[in-house]
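Take a look at this single chain, the form predicted on its own, given in structure tokens.
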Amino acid sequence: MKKIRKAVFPVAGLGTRILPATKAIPKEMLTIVDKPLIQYAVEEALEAGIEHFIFVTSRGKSSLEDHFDVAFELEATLHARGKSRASIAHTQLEPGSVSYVRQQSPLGLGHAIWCAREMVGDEPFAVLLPDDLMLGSPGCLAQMVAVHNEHGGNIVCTQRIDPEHSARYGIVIPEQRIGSVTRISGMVEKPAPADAPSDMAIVGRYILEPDIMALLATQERGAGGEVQLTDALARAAAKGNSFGYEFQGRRHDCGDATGFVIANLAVAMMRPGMTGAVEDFWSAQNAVPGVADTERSHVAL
């Protein structure tokens, strides 16, 4: 079984759910505490043994490309001031390990992945959606690589959701449960709650076999008039050897303002030296007498 060496990062989206923050800043460069979302995803991939990083970009994403380049002026300034450069060490990837390809039209996730077909080649590969911040130890992708080493095939990361929210997700059709792994026979993109085949939603991590590209090449349009990855995965699942993996950890959807704020709090509460200050601040706000919950949120701002 081939090693998972390559990862695709679809980062061409406009980030419309969190405007105006993303008007001039790529959503993937919004920071969770002190690191941009894309760096969390790249570090997760590094932990999982990824060697080749493929970014599917669009116009206005140059700051993302610069983030993973060498910053001579910054490093020279830090050195001159006797300051450590460890804080930017993980922003520099090995020369030759990074590729960029543009998705010139916003035609969906399936189309974005298809744009990377020449770089992926004939190897199984990972896909990471940076909007989804996955906190776990080991990381989500490392967990999925272990599953792929055992089962092979296409693997989607899943999480249980309230069935009322099924229209926001791709939903898997489960066949056989094996611990945290479920063999699946199909998937449905954003079904109405009454039509959802399960409560297992697909979230932002995938390991895909290279033949998925042939299915995406048809450019068949699905929900929203876009080329949906879920539709291609559903056709692949009908042939067998597709699995859902229930990630052991916590997911934060940072594509909207609520999830983004909660993710910042969650990461801050995990950081040594920050936990106490955040807890003290929150306790102080809750202790303000006569302040309603909605008013208290304004005080916290």
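Sequential numbering from 1, following the sequence displayed. Since we're looking at a predicted model, the values are computed, not measured.
Beyond the structure shown, there is the form predicted together with 1-O-phosphono-alpha-D-glucopyranose (G1P), which is absent from this document and is the topic of what follows.
Q: Just one of 92-100, 115-123, 141-149, 200-208 has residues with a heavy atom within 4.5 Å of 1-O-phosphono-alpha-D-glucopyranose (G1P) in the predicted bound form, so point it out.
A: In the other structure, the partner sits against 200-208.
Q: 1-O-phosphono-alpha-D-glucopyranose (G1P) is absent from this chain, but in the predicted bound form, do L109, D132 and E189 each have a non-hydrogen atom within 4.5 Å of it?
A: Verified in the predicted bound form; spot residues all in contact, yes.
Q: With 1-O-phosphono-alpha-D-glucopyranose (G1P) left out of view, which of H52, H67, K61, R251 would have a heavy atom within 4.5 Å of it in the predicted bound form?
A: It is R251.
Q: Is Q228 one of the residues lying within 4.5 Å of 1-O-phosphono-alpha-D-glucopyranose (G1P) in the predicted bound form, judged by heavy atom distances?
A: Close contact exists here: in the predicted bound form, Q228 approaches 1-O-phosphono-alpha-D-glucopyranose (G1P) to within 4.5 Å, heavy atoms only.
Q: Although the partner isn't part of this model, could you tell me whether G153 comes within 4.5 Å of 1-O-phosphono-alpha-D-glucopyranose (G1P) in the predicted bound form, counting any heavy atom of the residue?
A: So G153 does not count as contacting 1-O-phosphono-alpha-D-glucopyranose (G1P).
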